[in-house]
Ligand SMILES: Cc1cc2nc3c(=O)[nH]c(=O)nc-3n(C[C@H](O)[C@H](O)[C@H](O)COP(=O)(O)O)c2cc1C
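A single chain comes next, written as structure tokens; it is the form predicted on its own.
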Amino acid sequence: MNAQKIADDIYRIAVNIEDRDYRFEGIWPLPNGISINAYLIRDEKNVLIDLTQDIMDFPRDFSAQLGDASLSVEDIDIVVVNHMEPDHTGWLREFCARNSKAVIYCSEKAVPLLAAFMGIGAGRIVVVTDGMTLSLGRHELQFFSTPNIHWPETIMTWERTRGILFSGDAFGSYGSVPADVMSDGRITAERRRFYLDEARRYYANIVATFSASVLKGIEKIARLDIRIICPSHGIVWQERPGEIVEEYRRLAGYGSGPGEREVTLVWGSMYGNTEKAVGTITDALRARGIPVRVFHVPADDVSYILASAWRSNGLIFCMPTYDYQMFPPMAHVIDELLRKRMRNKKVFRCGSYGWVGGAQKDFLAMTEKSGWEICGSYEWKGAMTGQDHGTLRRLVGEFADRVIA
């Protein structure tokens, strides 16, 4: 990868994680990879906005890209830390060992993290305040406090002269970015849809818990004349930057308001008795014109279930009783949904049981404070009968009417 020019003396310095076995944050699958983006501003003072992770050959690649812009590590005067997470700062300790002059600009809350993660003391740090500006010569930076997007110390950096927002993890997405792509102005409509879909999954996995903070952050930057958005992951939004902002606004809104008139159905089955309900459920939903996305646990990764469930107004959990409780893979999924503060959902639960039930009681206890509207349930002993199919079809139809109400 070479350094990619965004505007006069402003470059994207990036690497891609493309190992299919690598899991982002140790959890989320990356079948299409992910980029880690930093940005270089050449001026009277040379500035890096964020760095990279100290894994694979990333530091070497990063240094080589600085060379593409006729600079070395030792030529950097300022490192702006928008976000302390190690995928953006993991190389900072080694970087500071090689460059003894660079000063770190960060929020006050980042200071103890710099000490804890990197052993960097206050003598090399300048604490930025909300709205503070910094002249580099031909460029002027302004810093905005945007806490909990998605750590408490996060900031965004605004390059005022050219209207470029360096947004950190906000407005990011999964998906590696090829060397010939970089921005939304260089991709096909199909590829644009891909990055938007991966932005939705990234949001549901990484940012959704902090949706209230996302909306506050969007409100803070609303008055800026944003011409380019440079996130820490994914493509640069150079042609239509407002598109990704509005997508994030919509995604954040699902955290407190109703979702789309659609259903995410998650099912798991031990011996096939619960599985036989899936066709009846999907038929009943589609008969009322309701889109439904179906996921099977534990086969389907929770990363994709989160992305679907986050935007759906209706959720259906189809699972058997297991040891007098919920089917464990389904309990894990529900726990993840609740951790993301997924509220205002209409929910239906069904499933088979053997000796006695117990899954429904366990389910209700787990979701008692979820903010979900439990719109019914149905359980059957052993194998489904024709009567069970009929009853379930009727109940799901009634549930569907509430989803679209």
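When you see a residue number, it is the position in the sequence shown, counting from 1. Predicted, not measured: the structure shown is a model, and the values here were computed from it.
What comes next is about the form predicted together with this ligand, which is not displayed.
Asks: At 4.5 Å between heavy atoms, is residue 274 in contact with this ligand in the predicted bound form?
Replies: Yes.
Asks: Does at least one non-hydrogen atom of residue 320 fall within 4.5 angstroms of this ligand in the predicted bound form?
Replies: Answer yes; at least one heavy atom of residue 320 falls within 4.5 Å of this ligand in the predicted bound form.
Asks: Can you check whether residue 238 is within 4.5 Å of this ligand in the predicted bound form, heavy atom basis?
Replies: Judged by the heavy-atom cut-off of 4.5 Å, residue 238 is well away from this ligand in the predicted bound form.
Asks: Under a 4.5 Å heavy atom criterion, is residue 29 part of the interface with this ligand in the predicted bound form?
Replies: Flag for residue 29 set to no.
Asks: Identify whether this ligand in the predicted bound form is within 4.5 Å of every residue in the set 22, 33 and 55, based on non-hydrogen atoms.
Replies: No: no residue has a heavy atom within 4.5 Å of the partner.
Asks: 96, 270, 278, 103: which sits within 4.5 Å of this ligand in the predicted bound form by any heavy atom?
Replies: Comparing distances to this ligand in the predicted bound form, the residue within 4.5 Å is 270.
Asks: Which of 63-71, 337-345, 352-360, 368-376 has heavy atoms within 4.5 Å of this ligand in the predicted bound form?
Replies: The contacting stretch is 352-360.
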